[in-house]
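Only one chain is shown below, in structure tokens, and it's the form predicted alone.
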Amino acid sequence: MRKILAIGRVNTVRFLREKSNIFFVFVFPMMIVLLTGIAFGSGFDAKVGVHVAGDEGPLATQFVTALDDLADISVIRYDDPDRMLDAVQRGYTDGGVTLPEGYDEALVSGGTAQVEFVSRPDQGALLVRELVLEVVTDQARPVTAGRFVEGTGAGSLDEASAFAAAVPETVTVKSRSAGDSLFEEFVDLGQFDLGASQQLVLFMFLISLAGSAELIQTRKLGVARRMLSTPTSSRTILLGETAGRYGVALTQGLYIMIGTLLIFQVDWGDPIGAIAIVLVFGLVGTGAAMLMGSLFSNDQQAGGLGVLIGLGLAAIGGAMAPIEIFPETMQTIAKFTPHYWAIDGFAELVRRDGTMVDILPNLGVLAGFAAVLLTVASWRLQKVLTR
């Protein structure tokens, strides 16, 4: 055990003594948390341009009113669609909506009304698009039901539509009406709370993969062979290297957690649950780092690919934008990444006041990722060290 801890300590200290690593481990994460909090942590308040082509009927007016009534949306009217497009391109508005000519007639007669939405390719635009889509769906539902009832001769379109619109108020369902914020559970978050958990997951995994270069150097410089020439088994070396990678991951994770708590007063929810996520996710990063360190013989290759893999999985797993704004297909794909389960665990603790018991499924999935990665990496590294 002493040898394992000694090897682990040496590897951790060697990684942290690299001057470039000091910046990327200790300075850069805090800068990103700060910038993310300044840019997106002050709440979501968007401006949306609206242009109604042709004469504005009651349904078009109802649509604009419903959009303007959203807690997070301010509507700006435009008579000229080109002016609205220019406002979107210049950043004066977060998006623009155009209702086509004959909007009311199309809905009432059973035709198709194509609502156009334009925006810039940024995170705010994705949020606006989801809110606009919600208003469209909410308005189309009672009109569609009214047309069906009118077609059967059971009542008039106006009466049936009014009745259908009132149904959600009389039944108990878990749903969200168009007047509520899409991100209602984000309202009570502190300015840096959301970004802190996302960046913790991103940097823990990214720095872990960067640590694989140290493992490759250990092999290239013959350090592993010299250790094997002493009364030290390959199993001890494997456990020591694992401890070294784990030490790097935990250093990064605990530093971000404690640092953001002290500097930005970030709320991490139940401390036992938050620490448990860091401990288990650290094992995931450790397994990934060891696997990369055993597969590559060049630390530059491992470093470059590590950044690509780390950022790619972070983007898919919700570490760069809230997973709630992803399309349903992407949300399903995200579940195949460990990042998703770690971030969802933090969301349960921070946004929903969950406890350790509530995140047990997340910890179980992360433990499964870690077990697979560590098993494959140990098998591969054993072959590399002893050949």
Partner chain sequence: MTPDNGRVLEASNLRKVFGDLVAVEDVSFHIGEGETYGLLGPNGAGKTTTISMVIGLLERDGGEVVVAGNPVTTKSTTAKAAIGYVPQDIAIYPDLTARENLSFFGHLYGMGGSDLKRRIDELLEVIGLADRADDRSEEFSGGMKRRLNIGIGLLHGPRLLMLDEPTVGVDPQSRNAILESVERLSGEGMAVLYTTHYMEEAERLCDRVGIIDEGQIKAEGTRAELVSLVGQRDKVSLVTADHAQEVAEALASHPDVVEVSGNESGIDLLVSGAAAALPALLQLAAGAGASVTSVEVVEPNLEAVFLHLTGKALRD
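Positions refer to the first chain, counted from 1. The shown structure was predicted, so the numbers you read here are calculated from the model rather than taken from an experiment.
The same protein also has a form predicted together with its partner chain, omitted here; what follows describes it.
- Here the chain stands by itself, but in the model of the complex one stretch of 129-137, 260-268, 76-84, 229-237, 229-237, has heavy atoms within 4.5 Å of its partner chain.
- Among residues of the shown chain, P100 is not one whose heavy atoms approach its partner chain to within 4.5 Å in the model of the complex.
- The closest heavy atom approach of V384 to its partner chain in the model of the complex falls outside 4.5 Å.
- Taking the partner from elsewhere, V223 is found to have a heavy atom lying within 4.5 Å of its partner chain in the model of the complex.
- Remark: V10 counts among the residues lining its partner chain in the model of the complex, judged by a heavy atom distance of 4.5 Å or less.
- Note on the partner interface in the model of the complex: the residue among T218, T93, S212, Q199 having a heavy atom within 4.5 angstroms of its partner chain is T218.
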